[in-house]
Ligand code: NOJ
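As structure tokens, one chain now follows by itself in the form predicted alone.
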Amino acid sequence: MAQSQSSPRSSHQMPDAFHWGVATSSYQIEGAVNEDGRGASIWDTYAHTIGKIKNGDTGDVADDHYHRYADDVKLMQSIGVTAYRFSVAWPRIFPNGTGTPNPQGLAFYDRLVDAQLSAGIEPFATLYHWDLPQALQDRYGGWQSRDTAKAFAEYAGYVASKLGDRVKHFFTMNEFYSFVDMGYQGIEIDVGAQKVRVELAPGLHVGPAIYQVRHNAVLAQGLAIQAIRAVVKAGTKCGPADNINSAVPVVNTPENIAAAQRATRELNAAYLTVMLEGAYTDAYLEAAGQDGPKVLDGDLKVIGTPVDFVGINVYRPSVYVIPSADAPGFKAIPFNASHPHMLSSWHLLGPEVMYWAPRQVRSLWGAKEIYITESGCGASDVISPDGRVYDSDRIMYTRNNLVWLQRATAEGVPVAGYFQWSFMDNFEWGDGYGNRFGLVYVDFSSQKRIPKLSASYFKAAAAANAPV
């Protein structure tokens, strides 16, 4: 349930009814990949491909959440969590991507949702967090085909029809750029003095066809919104959870703020901008040229289907910008080689982005409800001799982010909740189990859970409904 206040809100508090949440994803925590009729996903295939994941790690067992969910939900409750953003594994529901649903797969999420509600935790379901059924990759080439978009809408509508009596918030898809650009092209990330190449499942390199893959993904989002709305009762809300590219103004002046806003709109042209405006920007189409997506009649109307909220994953500034007299009206400033970062080299520090990102979502697209659907950091967590984990850097990171987020809400930006990534250490994609993002430490050999010091911080902040 949401945080409630019985006394007047102080100047440093979050809004009343603010959701203090944690987030996870199915492949990263569930394990049980061959149980109860679950089909294979592209991540099963990719993780078992030699050389793709550090140390040869896979999600075969992960946190064994599939069997330990009840205790995990109780642990969430104990650290003050009021909302849980979990993801549904598409191949648990439709092992072949389409066709006959698997009742055992659905039954797991029924149990999970009921456990949350019994613990006073509001369930927020994500319908796609990258674990595409391998059958659809084999049959259609995955997101290279419009048929996958149609299959996703059918799956989304089915899950919503079964869980929508209890789940009031559905996130359609998580981080378009990650599963499309990193999955079908591979990308380079600016980490200050150098660039690092990153690739995710299915690990393809489609070249100029990436424009069509992007189009198919946002088409799937629009079709899914329509499918969900067709089966749920009034009051159920749905929208995307995207890793926004947010430009931060170097100086807080009207000229710099306007330049940063222009930059943010263009940096998100392929995903958030087209979904929330129902059209591609001129600059995006010009850059695509003859490689631009094939847009059929009605596509943009579907893609622009209105959403009830916008979820944004916010970890770091994408760029710092200054105004420019030349098109496109802004200039990106390179990150200095000495710019501080968290444990992950890509994770450059810039907590002010937690203020600018939601502010830009409101000012650019008029969003009336915004969620920070992910924010967190990897850290070099170890168990101390006294049995505790003192993750001081994660507390520093989280506190600074919350201070900037609270500033946004105090200025009227309609942020309704914050979801820490992640509830517990898990399979961190290409980094395997070597990069810990959790509020809860997991010993993967014994599956023992140990709340870190940051879990105590989270609990205190949730109780105060404020950065503490």
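Source: prediction; values computed, not measured. From 1 onward, residues are counted along the sequence shown.
FYI, the form predicted together with ligand NOJ isn't displayed, but the following is about it.
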Which of 311-319, 348-356, 244-252, 147-155 lies within 4.5 Å of ligand NOJ in the model of the complex, heavy atoms considered? The stretch 311-319
**Study point:** Three-residue site 28, 374 and 437 fully in contact with ligand NOJ in the model of the complex at 4.5 Å by heavy atom
**Key:** yes
From 129, 215, 92, 394: within 4.5 Å of ligand NOJ in the model of the complex by heavy atoms is 129
Ligand NOJ in the model of the complex has a heavy atom of only one listed residue within 4.5 Å, and of 175, 122, 299, 72 that residue is 175
Margin query: Please determine whether residue 57 contacts ligand NOJ in the model of the complex, using a 4.5 Å cut-off between heavy atoms.
Written below: no
### Message
in the model of the complex, is there a heavy atom of ligand NOJ that lies within 4.5 Å of any heavy atom of residue 421, even though the partner is absent here?
### Response
yes
Does any part of residue 44 reach within 4.5 Å of ligand NOJ in the model of the complex? Heavy atoms only, please. no
Within 412-433, the residues having any heavy atom within 4.5 Å of ligand NOJ in the model of the complex are 421, 428, 429
